[in-house]
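Only one chain comes next, encoded as structure tokens, the form predicted alone.
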Amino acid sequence: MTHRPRRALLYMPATDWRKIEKASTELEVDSVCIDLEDGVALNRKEEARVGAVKALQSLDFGPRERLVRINPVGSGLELDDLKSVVPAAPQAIVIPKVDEADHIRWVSKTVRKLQNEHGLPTIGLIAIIESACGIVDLRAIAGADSRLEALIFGAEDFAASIGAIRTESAAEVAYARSAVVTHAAAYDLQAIDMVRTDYKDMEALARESRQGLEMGYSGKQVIHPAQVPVVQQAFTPTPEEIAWAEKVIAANNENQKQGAGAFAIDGKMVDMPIVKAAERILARAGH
């Protein structure tokens, strides 16, 4: 599956028109997620749906991906959310608090029905895994539906679901964070890392973003515009990394022509895992 870049996924409350407008026109962000869930008070859900539809229909997002995060399956709000926003043709629906595969299947079935009624192209799905149940059922969730494009790890809700105390080291969510990225890779899905709620500490954000990249994540959720460039930089290969990857790929192609397997570059052995790592770097760079 070919995935569009999602290095920085920015949430914007559907009730805040000014923020959505700024995100869609001024910020160099990959994905703008118009939020109907946590960012919206319970007594403003209908207002939020109206705002989301208005944004999808009237704003020019340019190259930025248009997403909508609905309320969780079982909340009693999810069907009205989908009936409102699907006809406005977001590129994907973000499903929060996915605890089981049936959550994915229900949303997919509902979206497909609405798509067909309105003659729309395929709308993707992105699942947020943020509970103990979601982690336990990851294999079924990741393979639940061909419409699914990515898994997002929600660290704050996950920690709450197991009674953990959030720490700077994030050791308490390490198992779940690793499980999400592993299952995403197994099912050819993108993996999008946890939010850093302290949006003022940019050095810590850069460290956490780099750690997510090293774990295998392809992007990160952000909740404040100031976080966007830091995350973008972390998930974008440096010129040196690109040059190294191009060197590895060129050398591998030449060695393959000569029938050679492993080879050396700059005094270091290169075999297929190293070649695949180089290919991933070039893919992140858009090459």
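Don't overthink the numbering: it's just position in the shown sequence, from 1. Worth saying up front: this structure is predicted, and the values here are computed from it rather than measured.
Keep in mind that the form predicted in complex with coenzyme A is missing from the display, and what follows is about it.
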| item | value |
| --- | --- |
| 4.5 Å heavy atom contact, residue 224 and coenzyme A in the predicted bound form | yes |
| Residue 39 within 4.5 Å of coenzyme A in the predicted bound form, heavy atoms | yes |
| Partner contact for residue 18 in the predicted bound form: coenzyme A, 4.5 angstroms, heavy atom | yes |
| Touches coenzyme A in the predicted bound form: residue 270 (any heavy atom, 4.5 Å) | no |
| Residues from 8-44 in contact with coenzyme A (non-hydrogen atom within 4.5 Å) in the predicted bound form | 10, 11, 12, 13, 18, 19, 22, 23, 27, 35, 39 |
